[in-house]
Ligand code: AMP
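First, one chain by itself: the form predicted alone, in structure tokens.
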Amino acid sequence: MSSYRAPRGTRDLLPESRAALSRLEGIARSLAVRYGYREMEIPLFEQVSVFERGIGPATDVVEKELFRLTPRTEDSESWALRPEATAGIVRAYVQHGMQTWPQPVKLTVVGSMFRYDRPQAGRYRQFWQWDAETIGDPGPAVDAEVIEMGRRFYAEAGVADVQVLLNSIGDSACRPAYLARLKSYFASHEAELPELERRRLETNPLRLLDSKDPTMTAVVSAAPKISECLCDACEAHFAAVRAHLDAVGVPYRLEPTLVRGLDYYARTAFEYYRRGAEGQQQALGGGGRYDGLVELLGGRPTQAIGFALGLDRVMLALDEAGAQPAREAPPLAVVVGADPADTVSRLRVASLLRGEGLSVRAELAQRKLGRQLETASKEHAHFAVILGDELAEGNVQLKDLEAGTQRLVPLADLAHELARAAKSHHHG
């Protein structure tokens, strides 16, 4: 057995897993179209400064989890694999002058992200996300639309009982006073804080509210709530978000410790959890409003909101729920032959059918017809195209493997007959 293995924290997506992921990607892309988002691609790596500015130098993602790359050139740029998509999308928005487009600009990316994180269930160093961003709309209606779209994704994916946790983190007008109050509170409990949280108290006190350290639970639960400090404008915005969610029937739970710990985040913050499976490692996805990020990356002040939904977490949730695994699409037909050695004819007929846009496999192993048909049935093919003596007169036998029927079909009509069957899925 080979000693080579996939890198720690990564895994091979074998065909069944790849089919499950493709299904989720298809749901995401379908929803994106329905909600007016345009799909784009961004590089798998960016300048490190994009993430330092876009995510924040005092975050775990930048401090500990970036996969940094060393260029093999004289170029002095420092690069890193993307740990998330928002910073790259906003960088592209600014770089390509999307602020001159009709606003808002609604963009989506589906793909793999990378974090040097501790591997555990549902958390990999290479993972897949669906990211959706609406740039150039101050809300509050679009906030509710984004949240509702994410919840609809889970419903269509088959994840039951997903709840929305919701909060407002204020803005630059009211958050400074709250931060001062929060810092004073935690400073009075400094002796109870772990070393990491003591450092965060100086650099970013908001992050103490979402501490992953279980010893922080009691201290955090008694901390001042930002809802007590919202200015009138933020309070009105948050009330309007809730009213819009109520209007479209999205239930939510107010969660005062749900924060985004960077200055450019503002107002709406949200996460998705399976009911009964809450905790720092259990979030299926989340997002929020980031009204300062476009300006931070060189653009004009522009309000925006978005989310990132973890597709690996959804696959795990479906597995835990015992959901029927996604199955790869079987071939419509398999071309088999009575003469095991005549692989030329089988390949030629399969090639003609593929040229008509049909999913067809050619049986190219030189084995008896019975074994060929047995394999086609195991692959769940709908039809077997059997090449025999009739081929000399331009005919083939078309066997419906599901119905057990068989009939003679002119080779010239075969593609049409198969296309008709594929469309109606009626037995032949």
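Just so we're clear, the structure is a prediction, and the values are computed from it rather than from any experiment. Numbering starts at 1 and follows the sequence shown.
One more form of this protein exists, namely the form predicted in complex with the ligand; it is left out here, but the text below deals with it.
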| property | result |
| --- | --- |
| Candidate stretches 235-243, 134-142, 283-291, 331-339 - the one whose heavy atoms come within 4.5 Å of the ligand in the predicted complex | 283-291 |
| Partner contact for residue 151 in the predicted complex: the ligand, 4.5 angstroms, heavy atom | no |
| Exercise: residue 308 in contact with the ligand in the predicted complex, heavy atom 4.5 Å | yes |
| Residue 124: touches the ligand in the predicted complex, heavy atom cutoff 4.5 angstroms | yes |
| 4.5 angstroms heavy atom contact with the ligand in the predicted complex for residue 117 | yes |
| Non-hydrogen atom within 4.5 Å of the ligand in the predicted complex for each of 175, 211 and 267 | no |
| Contact assignment for the ligand in the predicted complex, among 167, 108, 129, 303, heavy atom within 4.5 Å | 129 |
| One residue of 346, 260, 91, 82 in contact with the ligand, assessed in the predicted complex (non-hydrogen atom, 4.5 angstroms) | 260 |
